[in-house]
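Provided below as structure tokens are two forms of one protein chain, presented individually as structure 1 and structure 2.
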Structure 1
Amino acid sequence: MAESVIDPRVLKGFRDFLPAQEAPRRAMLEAVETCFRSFGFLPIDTPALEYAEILLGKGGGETEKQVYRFTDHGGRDVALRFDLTVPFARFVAEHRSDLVFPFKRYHIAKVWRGENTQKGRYREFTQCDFDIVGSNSAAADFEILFMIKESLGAAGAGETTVRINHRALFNRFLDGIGAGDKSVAVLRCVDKLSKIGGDAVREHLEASAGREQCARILEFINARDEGEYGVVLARLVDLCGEGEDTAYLADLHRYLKDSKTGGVVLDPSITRGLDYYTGVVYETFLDKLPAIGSVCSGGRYDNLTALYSKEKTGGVGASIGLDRLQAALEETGAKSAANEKPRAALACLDEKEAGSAQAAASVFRAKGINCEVFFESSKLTRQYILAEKKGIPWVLVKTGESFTLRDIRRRRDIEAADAEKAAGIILQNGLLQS
């Protein structure tokens, strides 16, 4: 009688990662994390599950529809986090007295959103957030900007362009032309520029702000076409006059020049839609594949902890969307940052020698070679085929103290008098290939 089995499958919008995807993914995470730490940023972690009230506030709105929310065994109204910023706000409010400000933290973790699935959109994805809270200095904004460039570079993203703008400047401009009351609608509309195109934006803006205001707004946005940061900034000062915001942007410009940081443009069309940002905002595009959208976004906020504390905590931060970045790198065929160690396998000549085989493999592992041990004493050619299937470039065949190294890709053998020499050959060839 045939027993029925449960169909093995994952939920829509969720993914398994096989080693071929997960290994480069973890290498990217490691590169990003090493970069964050090199700037003195420290790691934190928070629960995946929180009180729904904490995550959603007292309101609800657009976000609520996407959140995985349910009642737990204890009758608590709980939800899975949908980003890392809200839990961070709660974290800072809760642990304020244990933190030293300015507090620089990173948090790399999964978040969940039950949104409609489409290309490159998943219901479970990884965010890499880095924030500085408790400093109002433009130097903090610059550090985040500098880290965006450095961490994406470390992750193997190649050349990138960070597009920055200042929320308060945009709002000051809107106030100046008498459209301050339409700020939310205008920012939301302009945010869609790259998605819906200039004509559609003009149409929407004319509908919401009228023909004359629309023309002025387009003039503001189109300042980005001036090109160089300093020229765009001068044009914006022409349009809006000097202000704290333009002084802030001028400071950033100076810091960029002093540190010889390229690939940053001032783009007054960047608004970050409905986000809670109040100052400088960032979006980052891959020069090889800008169409995939921003792979790292962020900005400055006045008060992170408003929902949970009467003390005000400003800061600035950004978040790398790892899934989009990985998809982009796969599409452009870029080699991941994977600083993969050389791999080898020790052939099995006698199944009863498993103890000395592990001891022999340990010598290679200690030298930085990831060394697998084969268990079945089949013909060597079969073991070579197994190595090839597994993508292992070297098979070690041990005879007494000496080794025959099978170079799987070139189908040739190299003799080595001992483990030391064998390891040297593998390490040298590993270096030559990379």
Structure 2
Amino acid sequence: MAESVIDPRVLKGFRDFLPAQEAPRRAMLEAVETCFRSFGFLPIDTPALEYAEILLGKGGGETEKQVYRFTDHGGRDVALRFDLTVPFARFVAEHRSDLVFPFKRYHIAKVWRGENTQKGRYREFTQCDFDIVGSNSAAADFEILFMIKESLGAAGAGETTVRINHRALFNRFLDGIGAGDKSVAVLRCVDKLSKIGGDAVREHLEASAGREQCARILEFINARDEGEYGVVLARLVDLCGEGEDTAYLADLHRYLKDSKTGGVVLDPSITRGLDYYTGVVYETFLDKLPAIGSVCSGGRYDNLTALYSKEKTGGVGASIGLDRLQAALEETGAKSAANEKPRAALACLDEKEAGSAQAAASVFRAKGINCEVFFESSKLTRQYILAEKKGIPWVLVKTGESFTLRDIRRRRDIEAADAEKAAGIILQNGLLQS
């Protein structure tokens, strides 16, 4: 009797990536990482699995319900990280003596949340985090804001709009109208504005804060309709009075003007659902596809490391949701701005020449051309078909020192006297794709 075969399948919300999907992902990651390094940010890594108390001590809210949590073989209460910020706070507290502050880090890795799946939202996904800890300056907040624009531009996102707010300002406003004790519920409700709509938010606010306070909260968040950043800020000062929070937002406004950075909107309806944010918060939307939601979010979290250390360390950062960004770019037809190298393949005329074939291919690789070596000798027509299936636009046929270059897309041959000239032809023609 034949043995049964296990049905090959993946869990809901998890995915495999074929080369056609993974290659552009990698190109985006390389472009983003290059941008991070250009600002002086350094890479770190942390475990995927942490003690549950490390992750859940400050996450709170809806996120806590989504954490993958279990007891391991040693009887320990553990959980998979749901973001990269909370593990980073533990990292800073544990390695404080090894770090130089202000410390600027980036971390690109997978995280897990057991949430409902939808377009651009999965249970396993990749985040690209960048943070500055050890500085309370508005200039640090601005660098994160500036990097959001720069890194998304490097990833090929096109025109973006960053919507910012200040959590402390919102909390001060709620205290002023006597709703400070309801701040957590109010902020979480307002955070769902784009998902459930204004009518549903009004209904929830009236239920939690009463009709009069609901009207005043709506007046606050609707100040975003005033338009330009400076006008909205003036309206918020009218509603709340001046304070450190409005002065902070004024500093950011000045930095934006001085750097000629556009596409940034002051929006008091932006709150971010996580409890650890204490200051400026960011959410970033693609101008071509705002409905897909924020592709890069973050903010300031002054008190986060206090959970693991008596020494407080202020921090500010943001995170690019790579999977949502890729889904959006695929839908809009945009391509990554990353520079891919030209591709070629060296045909196999004799399998015994594998050593010299790799040596020849190395010459092209050294000139910035990704060169694959075919292993098995067969008719050149079959090797051309193989290259076409793999999306390789050039096949090199070596005879002595000279090469015949098969242009797969145009079905033509070009002769080159040596590797130098052959490489020049490929580089001149750029990224020709079949």
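C-alpha atoms forming the largest set that superposes within 1.5 Å between two forms make up the rigid core. These figures come from a predicted structure and were not determined experimentally. Counting starts at 1 with the first residue of structure 1 and goes up one by one along its sequence.
It is structure 2 that shows the chain in the form predicted alone. Once the rigid core is used as the reference frame, the Cα position of residue 50 differs between the two structures by 2 Å or more. The two forms, fitted on the rigid core, differ between the two structures by less than 2 Å at the CA of residue 410. The two forms line up on their rigid core, and residue 12 then has its Cα shifted by 2.8 Å between the two structures.
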